[in-house]
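Same protein, same chain, two forms; see structure 1 and structure 2 below, as structure tokens.
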Structure 1
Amino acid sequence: MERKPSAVLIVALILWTFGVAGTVILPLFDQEINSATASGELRNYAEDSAEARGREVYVQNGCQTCHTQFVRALPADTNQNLGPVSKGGDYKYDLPHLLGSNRTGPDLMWVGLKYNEDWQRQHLIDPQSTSPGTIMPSFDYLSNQELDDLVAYLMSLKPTQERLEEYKNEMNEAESMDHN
């Protein structure tokens, strides 16, 4: 059987075109990905709000280098009680995306549920006082305004009450199945 280089090239080009269409173009038409969830709407911060400014402080200080904001549907995440699994619509207004890829520190997708404002502020100023043994650096060099804004941003990272109730129900069902 004789192979023609032009035929192989044409087949490769056709396969590449289908690959691009499937991974880049088709998702643009997926409404679930392109519509904000109710929790995603909570992250649509008003311009110059404390949360929006705090997000800028978060980005400027490279917090996303050590922290993800993405709860996966994997036992590694669900067993840690990180909160509801992230959905595409949670990130509708999250630009630039802060998903992160390296978890040196804990995931912060729903960190606003876990601690109060005082704890967040103290943790940023003196991480050892709230989390002994942590390798998180101190951010005591931030101004009071920057700390207030960053705390406001961190406290805003939480799901809607309805989504939280769904998550709790799912966890209760999973726990009852484990006991059966």
Structure 2
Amino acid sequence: MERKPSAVLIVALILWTFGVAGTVILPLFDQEINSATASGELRNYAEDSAEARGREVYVQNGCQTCHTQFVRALPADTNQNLGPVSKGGDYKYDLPHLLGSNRTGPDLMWVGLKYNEDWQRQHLIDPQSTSPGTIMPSFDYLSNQELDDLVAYLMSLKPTQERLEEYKNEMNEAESMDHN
């Protein structure tokens, strides 16, 4: 093999293929990530709805570079009150995915639960007025239509009522355990 580049290339290709099979092909057959949860269905926006257009605005302005949509069953996330832990099926229709990798700003997985439309709009136009000291830039350059759509999208980021109840019960249980 030390004299045959083709042999090096063939073995290199085989090893690469193993990695693809394990981390890309096999997950295709996993039910957990490929079937939508009820909350995941809520993100299956109708074509050209305000939410679908708002999602485009979110992507085009790079919101995902600072905000994750990714809640973990970890103290860092539960203590920040991020809401129900996200499941694979929540992202069934999240294409391109907006999981994110950095929290320069807070997680937005269920941000629709937290503020109303007026707050969201105000925060986008003049972030300092709602969150003094924030390092979020203002998005006052967006048109009214774009702002409306983006707010509609942000407000749609909610779990189903059942999922929320379930989560609250879990939290209460955990808390009463703490008190014991």
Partner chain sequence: MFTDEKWSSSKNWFIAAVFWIIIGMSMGLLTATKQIWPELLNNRWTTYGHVRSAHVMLVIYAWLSMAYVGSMFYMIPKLSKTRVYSEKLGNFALVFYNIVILEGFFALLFSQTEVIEYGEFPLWVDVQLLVAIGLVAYNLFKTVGRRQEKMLYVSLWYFLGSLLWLPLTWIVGNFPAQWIPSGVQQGLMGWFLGHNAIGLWMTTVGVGQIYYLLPKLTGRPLYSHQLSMIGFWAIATFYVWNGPHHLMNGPIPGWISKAGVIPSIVLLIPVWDVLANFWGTMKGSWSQTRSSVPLRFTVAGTIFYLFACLQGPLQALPSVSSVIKFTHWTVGHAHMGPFGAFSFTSFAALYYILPKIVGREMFSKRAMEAHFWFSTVGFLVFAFSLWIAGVVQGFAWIEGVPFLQTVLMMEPYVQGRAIGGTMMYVAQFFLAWNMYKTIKLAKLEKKQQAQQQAATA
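Definition used throughout: the rigid core is the maximal C-alpha set that superposes within 1.5 Å between two forms. Residue numbering: structure 1 sequence, from 1. Fair warning: this is a prediction, and the values are worked out from it, not measured in the lab.
As summarised for this chain, the first structure is the form predicted alone, and the second is not. Among the candidates 97, 132, 29, 102, the residue located at the hinge where one rigid part turns against the other between structures 1 and 2 is 29. When the larger rigid part is held fixed by C-alpha fitting, the smaller one turns through 25 degrees between structures 1 and 2. Summarising the core-aligned comparison between structures 1 and 2, the C-alpha atom of residue 14 is found to shift 9.2 Å.
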